[in-house]
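Only one chain is shown below, in structure tokens, and it's the form predicted alone.
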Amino acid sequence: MSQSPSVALPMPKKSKRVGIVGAGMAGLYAAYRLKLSTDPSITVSLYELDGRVGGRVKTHRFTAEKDQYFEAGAMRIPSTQMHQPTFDLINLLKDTHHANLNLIPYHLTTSGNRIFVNGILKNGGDDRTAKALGFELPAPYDGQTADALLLSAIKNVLDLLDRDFEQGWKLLMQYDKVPFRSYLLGLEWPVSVIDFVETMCSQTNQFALSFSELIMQNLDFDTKDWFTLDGGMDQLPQALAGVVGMDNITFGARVQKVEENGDGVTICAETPRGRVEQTFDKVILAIPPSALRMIPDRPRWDSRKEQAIRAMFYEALYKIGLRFKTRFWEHVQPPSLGGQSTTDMPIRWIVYPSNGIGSKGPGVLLLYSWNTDASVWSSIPFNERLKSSIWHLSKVFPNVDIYDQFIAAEDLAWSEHNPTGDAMFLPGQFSEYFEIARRKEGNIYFAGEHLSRHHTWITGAIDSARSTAEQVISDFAFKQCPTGWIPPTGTEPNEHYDPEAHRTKVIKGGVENVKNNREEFEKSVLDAV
């Protein structure tokens, strides 16, 4: 009896296991990028402390009714080339994965937005020079607006970037160790003038940040067109998590140990179902420095790395959403149809929703402060926060019975939660800590918006996560991995992508638009006066 020929069965490929701590935008995008790799043996497991995905992308919904929500975290996307990765991701999730993500215009400012400073209430279109707003400045500063003064302070830097971007960027890095306030003092601005510009254009003590950080902020906020997701920004991380696979995410996981050993990297976490322990080939820590520091049992790296983890600055953020019976801000004269009001009171910014403009029924306002202005809210209980918010809001709308209009409120002080706030580097931190902080350590990698060159934004998280994921893929393959912002569906990109060269090109191309937008905005203000 003849024997049938033996058939050599293929040996199953050993999976390449990647553990990711954090299911915010950086952790989710890193997992997404790894799943899109042409290497099918890569598997991902995520550990998330909260009971949701998204990190600092968080939407609070008062009810299931349309437009009854506010953004407790990320709330807008500038329409610039720098932020194209976020738009590309949204489009990819829509087109390829059928995510219900609909962008609508976000109004950063509108003509009806009020100002309340020094006890003076100004309507949209009123005189907004320093003198008109009650700021006692020496001539000729007293007859200028804060926006005009800020433009005059940074115009030379923008011009240099326009003429020779490489030289301009070198100058920016040379000034990285200089606080923006010190830069303005170097221009022989009186302190009172600096305080006026900071009050009207930023928030208290923001000018203590590095010169380079403030310039990067201005590259964002001088954008004309902005967008947001209709129905809430948290739909983006939820859609991303759906593609990554919710089964791959362990929620309520407080990581207690990260240990590198001969078999890989072991993660131990306490979860609602008990202690879990798993060993991976590689681990990505996609969490802010504060969370990394609080992992009790983790490797201790060299002194410069540990200094960077301790020192990278996150500023406090405070938001409170107030639900009212009507959208009264759209019915006063002049109406605020989106945009925001500036005040010097603790509430600082009043953000009018860009969603649901003109609709009937209840509406939601957002009061928003950050840095020093946000820190004061953490010292008082919620009932006092609410009373203070409504009282101050009534000063901006003296002809509206705010108390009668009020229905409900919810707030979030980010300093009391895991992210603690958003990354905003102090002088010298970019040039001294950035490269050290994002450097991998053995089989442990790092990701997050703080490890990008575009702090606070979703695009920063995407930028960092993509770079980290591609480094992991390359290390698995022992070869250079081709890169790019968003890979073609189901494949890796064909062309090599140099993040630094791309960023240089994008910023250079955007400088002239930034300058023109500022000049057009200032012209419109002067014409109104």
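Residue numbers here begin at 1 and follow the sequence given. Given the structure is predicted, the values throughout are model-derived calculations rather than measurements.
A second form of this protein, the form predicted together with a small molecule, is not displayed here; the remarks below concern that form.
Within 4.5 Å of some heavy atom of the small molecule in the model of the complex lies at least one heavy atom of N418. In the model of the complex, at least one heavy atom of D50 sits within 4.5 Å of a heavy atom of the small molecule.
In the model of the complex, P353 stays away from the small molecule, with no heavy atom inside 4.5 Å. Contact between V18 and the small molecule in the model of the complex is not found at the 4.5 Å heavy atom cutoff. Stretch-level contact analysis of 311-319, 373-381, 201-209, 339-347 against the small molecule in the model of the complex, using heavy atoms and a 4.5 Å limit, identifies 311-319.
Distance criterion of 4.5 Å from any heavy atom to the small molecule in the model of the complex singles out A72 from the list V265, L172, A72, A148. By the 4.5 Å heavy atom rule, the three marked residues R76, I287 and I295 all count as contacting the small molecule in the model of the complex.
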